[in-house]
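The chain that follows stands alone, in the form predicted on its own, written as structure tokens.
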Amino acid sequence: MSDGQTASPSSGTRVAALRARLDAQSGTGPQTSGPARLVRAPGRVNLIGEHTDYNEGLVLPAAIDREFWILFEPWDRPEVVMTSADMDETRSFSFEGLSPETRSKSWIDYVAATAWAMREAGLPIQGFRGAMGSTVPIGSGLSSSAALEMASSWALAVPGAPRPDPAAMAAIAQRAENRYVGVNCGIMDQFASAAGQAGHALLIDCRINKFKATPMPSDLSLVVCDTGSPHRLDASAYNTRRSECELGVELIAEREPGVKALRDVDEAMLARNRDRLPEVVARRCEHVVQEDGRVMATVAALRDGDLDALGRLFAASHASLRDLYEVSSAELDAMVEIAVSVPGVVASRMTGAGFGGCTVNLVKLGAEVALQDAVMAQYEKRTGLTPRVFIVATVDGAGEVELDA
């Protein structure tokens, strides 16, 4: 959905709910300076290429129709007041003195972080009163934080001011999460939310922040299975994984001076330098080096319609994340095992940072219900958790949505 596209009829109920929340704020702040506006930003599911983005590698995400919506009224005041319809609470922050030291360790930090990073990048920002809602499951590994950041970037932008292209805006939002929120993430999540294209995945080169749209086969559905176990790879564990990769680069570069990131390391180079690496660091590096190759092989398999190759590549990625990067979980493993036993499921793997969250599944048209039935029948018995299954569609990246008159 690009800038200016009209909201679909199915979004009418959600807009009405946000309008009620926004109206409830009226009279609680200064006069607004313009009519209400609506922005939205999608979450993403990553097909393959996990933990490669912050290693300057390759990723293959798709923006999906699980989204954040913000209905807002701009005002002439350096402040944001936002109501979360899903959490039933209102929070605020001021632009004055805004810095990472002022964060509140709540959901409003992602909005504040975006404001801080936009201002640091020299972009003008405006205050507003707003209400937000989301269909992105929180803690599922579908990038709710990046979707909120990208939606916020549209709400904060001053109308008529030059806007960076999606890649540049994604980099600003990534800096917000790295420097303000404190999660040392790569750029994939923000990039996918900013630049998504309906009917396509995005092959993103995270070294140069460029992408190529990769068509999704029309005879396959994209199905996300939520384990019901929120991903628990917290900031500390995530940052540790990144530090382990950086140590691997540092040690390899002592012998291989051209190495600046794991993107520069192939399997032969890793093998001849493995004796220099602590075992845990070697395993992390092995995953990243091999995963970059799996991304390009998956692009080729999608292009060629090679379903067998897709199944093998997803399986290898999941095993690597489980055994080498150690970010899978019993729940994710069970969900993948159930999925691959269902006729018509072409490929299945964990997606996202790990330790809970979701799996991504490529499924032949018509087999979606069989997958859902199998998950509902087997998963809770194996784990004690209640799963959710989403058949998702690829969508365009973040933007403003025209409100009906």
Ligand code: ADP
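This is a predicted model, so every value here is computed, not measured. All residue numbers refer to positions in the sequence shown, first residue = 1.
The following text describes the form predicted together with adenosine-5'-diphosphate (ADP), which does not appear among the structures shown.
The candidate site formed by Trp107, Ile138 and Leu148 is fully in contact with adenosine-5'-diphosphate (ADP) in the model of the complex, as each residue has a non-hydrogen atom within 4.5 angstroms of it. Partner contacts here mean any heavy atom within 4.5 Å of adenosine-5'-diphosphate (ADP) in the model of the complex, and among 213-221, 254-262, 113-121, 126-134 they occur only in 126-134. Leu142 belongs to the set of residues with a heavy atom inside 4.5 Å of adenosine-5'-diphosphate (ADP) in the model of the complex. At the 4.5 Å threshold, heavy atoms of Ser84 reach adenosine-5'-diphosphate (ADP) in the model of the complex. Not displayed here, adenosine-5'-diphosphate (ADP) is kept clear of Glu291 by more than 4.5 Å at the level of heavy atoms in the model of the complex. Glu177 belongs to the set of residues with a heavy atom inside 4.5 Å of adenosine-5'-diphosphate (ADP) in the model of the complex. Contact residues in stretch 54-73 (any heavy atom within 4.5 Å of adenosine-5'-diphosphate (ADP), taken in the model of the complex) are limited to Phe68.
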